[in-house]
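Only one chain is shown below, in structure tokens, and it's the form predicted alone.
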């Protein structure tokens, strides 16, 4: 009887392994459907616009990622990672803060009545043509399966794009830190997740993650669970709707079979 139960348990375990490695994570974890590649990473900013009779501002990450690292906006310009937590108004921009650091009429188009419609587009705008133009212009970029369907990390590593690491100190370079963290999964049939610092440091400042998201002293990286990521905590702060989505299981769990 014990042998039969053992074989049954092994069979069930095998089925689970096949399920999690063959079917996409979106189906297993009931993730929300991903937007189209041209809309992935769009952030709608509408704290005041609609109330003042204007269309909402839509910020497109893919149109800026070619030029700037995440660090420029989320460290030097002090944009919060969570949409709606940066109290931005037109006065700030005209004073050179937030978007105004670039959109000053010199580095990028300025804040004028004629240019309002370039940012206040409303969430129903179709950017597929602009995205197609980017793909045509950067046709050598390595392709990905999820998100914008562009592997931005490989593109940066191969020198195909050269996003600015710092806006204010051009001589500043990313920290040379190649430590990889191997994070064991709680489920025996899920391979460990591997976090490589050197794929993140060209894009982010250490202070982006530590200590507010990952508290090193409390060793939080040893205790967080997938459910926290689904709640947009830890890795989920970025890897849910802006950076490479968590739908690609094998990107973090490299030993898992791709579907």
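None of these values were measured; they are calculated from a predicted model. Positions refer to the first chain, counted from 1.
Below: the form predicted together with ligand HEC, not depicted.
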(Q) Is residue 73 near ligand HEC? Define near as a heavy atom within 4.5 Å, in the model of the complex. (A) yes
**Q.** Distance check, residue 124 to ligand HEC in the model of the complex, heavy atom within 4.5 Å
**A.** no
Q.
Please tell me whether any heavy atom belonging to residue 194 falls inside 4.5 Å of a heavy atom of ligand HEC, as the geometry stands in the model of the complex.
A. yes
Q | Touches ligand HEC in the model of the complex: residue 67 (any heavy atom, 4.5 Å) | A | yes
(Q) Where, within 50-80, is there a heavy atom within 4.5 Å of ligand HEC in the model of the complex? Residue list please. (A) 52, 54, 57, 59, 60, 61, 63, 64, 65, 67, 68, 69, 70, 72, 73, 74, 77, 79, 80
